[in-house]
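We begin with a single chain expressed as structure tokens, specifically the form predicted alone.
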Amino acid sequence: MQTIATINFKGGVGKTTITWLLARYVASLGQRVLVVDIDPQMSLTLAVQLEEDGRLERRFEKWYNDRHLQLRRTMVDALAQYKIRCNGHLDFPVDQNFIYTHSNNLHLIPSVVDLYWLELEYKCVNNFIRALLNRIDQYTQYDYVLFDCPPSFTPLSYSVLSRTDIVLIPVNPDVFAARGVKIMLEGLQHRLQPWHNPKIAVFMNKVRLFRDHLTKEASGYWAHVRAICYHQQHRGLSVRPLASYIPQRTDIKRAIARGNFPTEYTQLFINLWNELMRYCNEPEQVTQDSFQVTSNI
């Protein structure tokens, strides 16, 4: 399986929407996709199951309350069991009570509010996601696993990033974009271990267009982001600014809650996914500079 983690330390950039719509698109191709929500804000968990009146979709609500919570099959329960041994192995029961079947090819591990209050020990959580994915692979096989990460660097998100194949960073074309990307890339370079050098892809989301072209303002902001990415490349970081972008459109923003896919913009998601996969499948280039070791979270 290939793993993708969508992350940005700035809220409101649209990472949850992008994660879910990419998963929906890939699942429509006949690929088996698992989406994992590790954000305690539960944005993805709630958004994909909300009905128009604001209530949870009944089938999901019943599964979530009667099975996922009642039978203690949540991410928090899996973490708690993993911490007991802290030996790299996970015996947690991964089954239909842990993974929700949204459709035949699209499954979801929802988040829980208790992730807010969970005290995570760095040394124990480090390899949790690796152990969890191995356990999932024993239960059923997926082609892709997409993680929706919180807008902060936590021990749990560290565990995801230390196992993922590619890190996807959506940025909005604004005055904070270049500064935010610089902080994120420098942080990732110093915190991830040297034996794992994930590829990092940066792309523009919520882009304003004029006659189907980038505005001069958006182009200017993106030029700064590209310059930051290329600078980090020279420092040994596997990062690439993608040419693909997703525009600022109401239909895209509301697509999750409405339970549909914004078909008018299908080609843009195709472009983004194809470019992401080409980059992901390229042979890795070994450089003298690699990630530095640190245990500071």
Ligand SMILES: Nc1ncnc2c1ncn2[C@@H]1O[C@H](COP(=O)(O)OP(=O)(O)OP(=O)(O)O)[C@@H](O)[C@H]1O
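Not measured: the values here are computed from a predicted model. Residue positions are given as counts along the sequence shown, with the first one as 1.
The next section is about a form of this same protein that is not shown, the form predicted together with the ligand.
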Heavy atoms within 4.5 Å of the ligand in the predicted complex: which stretch among 239 to 247, 64 to 72, 27 to 35, 226 to 234?
-> 239 to 247
Might residue 199 be said to contact the ligand in the predicted complex, defining contact as any heavy atom within 4.5 Å?
-> no
State yes or no: in the predicted complex, is some non-hydrogen atom of residue 107 no more than 4.5 angstroms from a non-hydrogen atom of the ligand?
-> no
Wondering, does residue 163 line up within 4.5 Å of the ligand in the predicted complex on heavy atoms?
-> no
Hey, in the predicted complex, is residue 205 touching the ligand, heavy atoms inside 4.5 Å?
-> yes
Give, in sequence order, every residue of 1 to 18 that has a heavy atom within 4.5 Å of the ligand in the predicted complex, or say none if there are no such residues.
-> 10, 11, 12, 13, 14, 15, 16, 17
